[in-house]
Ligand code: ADP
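To begin, one chain is listed below as C-alpha cells, in the form predicted on its own.
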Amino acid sequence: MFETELSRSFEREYGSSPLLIASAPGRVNLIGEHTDYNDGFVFPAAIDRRISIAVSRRSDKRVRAFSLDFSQRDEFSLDRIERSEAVGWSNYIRGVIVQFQKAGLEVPGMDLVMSGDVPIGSGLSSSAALEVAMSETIRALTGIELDKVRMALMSQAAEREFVGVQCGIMDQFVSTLAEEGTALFVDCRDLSFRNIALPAGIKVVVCDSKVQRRLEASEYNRRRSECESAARKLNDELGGIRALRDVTLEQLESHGRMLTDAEFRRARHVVGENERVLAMVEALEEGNSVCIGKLLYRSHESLRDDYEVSCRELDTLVELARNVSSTVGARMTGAGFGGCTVNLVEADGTEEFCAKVGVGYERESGIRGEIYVCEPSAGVSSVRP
C-alpha cells in the first residue's frame, strides 16, 4: 500500500512512474549502550518502520528531490555537491552520492521522492535509514555490484564526513544487514556480525519519552574522554589494552585505584555492558527469558548510576514497565538524557502494557509519550513497482 501511495506521489511530482522504490528500516538498540566507541559489542534490531525512496533516471547531471514528510524540494548538480544550509534532510542524500563518487562509481541524474514512518528525532535512527535507502537507490538504479557491508560503511561515511555527525557503525549496519525476526550482534572492533533470532512470542515495544535528548556535545565528549583516560591508565599498568573492550571486571576491580571515581564508574559500565551483550546472546539462544529481563534492567541501572546518562522521565518509563506483568525487561536506549526506552513484552500483553505505561507516564510526568509496538524487520531492500 505504501509503495502504491509513494508511486502516485512520484507521478504527481514528475509526471511519470518511478523505476524502483528502495527502503531501509529504523532501528532500536536492545542492549550494548556507549560500547561502540570503546571497541565493544552492540545488539540492535531493525524495526518495521522505514524510509522509502522512489526514483527514476534523468539524462542530465541534475538531482531533484522531494520530501513528502517535510513538503520540501531540493535540486543540485552532480558536478558540484555542497552542503545545503536550507534543506537539512538533503545533506544525507548529497553525502551518500559524494561517497559513491569518491569510490569512483558513476551516479546518474535522478528524480527522487521520499517518505517514511520512522519517527524523526526520537532516537530510532531515521538518518541512517535515509542514508542506507539512498545507497540502495543508487545501487539498484545503476546495477553496481556493492555488498551490504560496504554499503553500510559508505552510508556511515556520508554522515560522518558530509553531514558532520561522528556516528558509530551500528545504525547503518543493522539497517543494511538485519534479517526479519532477529537482532544483529555486532563486534564494533572487527565488524563481524551475526543475526540472532528473537522469541516469536515477544514484541519489541519502544516508549518515546518525548523529552528531547539533552546530551550536549560537551557531556558526550566528557564521557568518551573518561573512557579513553581509563583505558590508557589501565594499559600503563597491565599492557595490551587498546580500549575498555580489553578490560575484564576483575582487572578493573583490582586496579581501579589508579582511576578517578568518574573514570572507574564509566569503565565499570562499559566493561559490564559488554559482558551483558554476550550474556544476552547466550540467553536468547537458550530461550532464558528470566535472564533476558535481568540483563535489560541491569543495563538501565548501570546507565543511570555509573554512566549517568538517564533522566527522571526514562527512569519513570522503566519502572512503569517493570510493574506490568507482561514485561520481560526494559531499559533506556540511545545516547541518553531523553529519547526512548526499549521493552521486550509478551505479545498477548502488549495492549495492557501500552495502556498502563501510557497512562502512568502522563500521570507522573505530565507528558504524553508515544508508544510503538514493533516487529523485528529485515534490512534494506528495493522493488520495481
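Note that the structure is a prediction, hence the values are computed from the model and not measured. One-based numbering along the sequence shown.
One more form of this protein exists, namely the form predicted together with ligand ADP; it is left out here, but the text below deals with it.
Open item on the list: Please tell me whether any heavy atom belonging to S122 falls inside 4.5 Å of a heavy atom of ligand ADP, as the geometry stands in the predicted bound form.
Closed with: Because a heavy atom of S122 falls inside 4.5 Å of ligand ADP in the predicted bound form, the answer is yes.
Task: Interface membership of A230, ligand ADP in the predicted bound form, 4.5 Å heavy atom rule - done: No, A230 sits far enough from ligand ADP in the predicted bound form that none of its heavy atoms falls within 4.5 Å.
Task: 4.5 Å heavy atom contact, T316 and ligand ADP in the predicted bound form - done: Answer no; every heavy atom of T316 is more than 4.5 Å from ligand ADP in the predicted bound form.
Open item on the list: How about L130 - does it come within 4.5 Å of ligand ADP in the predicted bound form, if we only consider non-hydrogen atoms?
Closed with: Yes, L130 sits close enough to ligand ADP in the predicted bound form that at least one of its heavy atoms falls within 4.5 Å.
Task: Among 276-284, 82-90, 199-207, 146-154, the region lying within 4.5 Å of ligand ADP in the predicted bound form by heavy atom distance - done: Heavy atoms within 4.5 Å of ligand ADP in the predicted bound form occur in 82-90.
TODO: Let me know the one among A54, C340, V357, I51 whose heavy atoms come within 4.5 Å of ligand ADP in the predicted bound form, would you?
DONE: Only one listed residue qualifies here, and that residue is I51.
Task: Contacting member of D39, E346, E352, D69, with respect to ligand ADP in the predicted bound form [4.5 Å, heavy atom] - done: Going through each option in turn, the one that passes is D69.
Task: Site test, S289, E301 and G329 vs ligand ADP in the predicted bound form, non-hydrogen atom cutoff 4.5 Å - done: The answer is no: none of the three residues contacts the partner (heavy atom, 4.5 Å cut-off).
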